[in-house]
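So this first bit is one chain, no partners, the form predicted on its own, shown in structure tokens.
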Amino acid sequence: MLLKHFFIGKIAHSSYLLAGKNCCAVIDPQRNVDVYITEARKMGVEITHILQTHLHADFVSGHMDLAEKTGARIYIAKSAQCSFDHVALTEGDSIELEDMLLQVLETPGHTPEHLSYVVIDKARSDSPIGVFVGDTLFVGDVGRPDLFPDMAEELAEKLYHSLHDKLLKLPDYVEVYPAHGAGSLCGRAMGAKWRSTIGYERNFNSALQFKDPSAFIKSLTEDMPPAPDHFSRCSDINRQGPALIDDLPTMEELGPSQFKERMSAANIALLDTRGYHAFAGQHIPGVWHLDLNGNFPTFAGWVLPTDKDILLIADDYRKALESNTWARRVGVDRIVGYLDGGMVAWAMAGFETSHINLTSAEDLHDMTTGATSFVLLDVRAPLEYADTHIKGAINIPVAELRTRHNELNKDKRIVLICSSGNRSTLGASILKQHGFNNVYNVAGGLTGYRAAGYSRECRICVNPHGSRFFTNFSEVKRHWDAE
């Protein structure tokens, strides 16, 4: 038995290749499947099995592409009611892979149709060696059950029993192979390690310390971080079977005049993925801004329109391709054109541009302590705002600005702030789409403001190797109120 781990940053997704001497299985594949084919070729094995733990909500899976390219069979829960050709699994089923046996457990909770696969290496023992848990159990956390709001309490109760009555019945030495790590929104407090053991999680996973089911349910159905829009879309895409990457639209290179002509169509949206400093200096009016260096895929799936073709502005063609790859991972499949030559070519063609004002931590401090009239808009998540914010700031999470922009006065100066400057620039682009012209962005965000000595440290912002939702909302709110 040989296990190979694959990890994608930003969406913090883990997938696995489980190999014997001649064949292998891929568990929870990403959409760009050539990595598995290349690795299998290096190992001299054939990909024969594709195992899905559940209908992933935060990314579009690669099961269809991998099956198309390798001929491998797809295995998934019968209760998922998938539309594509597959082997439907239920509790008690097993899969033989050379000397390995994978036993199927139904572990609903994060989603209704969730499975876990217990691995036995029969060449060594009849006892389990590991378990692919998908999003049921993480390092330091458990899967969130609130992605189906009408079923949150029901799923939380099922999750409790999946954990305590099934997974925690496994021996302490059994390794845990989760589908996500720190940074994913499929949980709230994931650790940065990629794997763990049943025994370690039993003793040190805070969610597993709730022995009373009602307390466990309460902890996972209150004060949860917001779920991005694409979480519900991706589940359905994965159920129906995603379009093959080879069948998706080609991203055309368009000169400024061609680009401008394509912009006039009713079904077009513009996306700028350059750094926020470059965007602030000059951009095309009406564009969405998502800094490729930030959490690009999460917010691309969250805010970009899915009913329009997208024209892209990037630093160069390589960055445009990278942007398109990340967008496709979250089901944004309609990027059809790229501005050849970027904003330099656009400006040299004499076409209209716009800008936003950048301000520094020092300037913001002068504004907050002086007589300047402005609105300080904190676009971070509620937990971040509750942990630390500048006095007088109002909180509207950036994705909510799409519908809550009318709560703001267009005649006022609006100064946006987040933890770094990335989300606040997205917020500024949304406000500009709705006619706000006196818009400022705080470069460096709360991180820079704290470094300048004007704010206490935000415990969430300085936790780069863990979830920014690492603690309970009520706790951080009490902490803030006490100060």
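Residue numbers here begin at 1 and follow the sequence given. Owing to the predicted nature of the structure, the values given are computational and were not obtained by experimental measurement.
Although it is not shown, the form predicted in complex with another copy of the chain is what the next lines describe.
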query: Proximity of Y317 to another copy of the chain in the predicted bound form, heavy atoms at 4.5 Å; finding: yes
query: Partner contact for E201 in the predicted bound form: another copy of the chain, 4.5 angstroms, heavy atom; finding: yes
query: In the predicted bound form, T70 touching another copy of the chain (heavy atom, 4.5 Å); finding: no
query: 4.5 angstroms heavy atom contact with another copy of the chain in the predicted bound form for F299; finding: no
query: Site check P242, D366 and D411: each within 4.5 Å of another copy of the chain in the predicted bound form by heavy atom; finding: no
query: Listed residue that, although another copy of the chain is not shown, lies within 4.5 Å of it in the predicted bound form (heavy atoms), from E153, D121, E91, E400; finding: D121
query: Listed residue that, although another copy of the chain is not shown, lies within 4.5 Å of it in the predicted bound form (heavy atoms), from T388, S235, N324, T359; finding: T359
query: Contact stretch among 214 to 222, 350 to 358, 110 to 118, 71 to 79 - heavy atom within 4.5 Å of another copy of the chain in the predicted bound form; finding: 350 to 358
query: Stretch 114 to 136 - residues with a heavy atom within 4.5 Å of another copy of the chain in the predicted bound form; finding: D121, R124, S125, S127, P128, I129
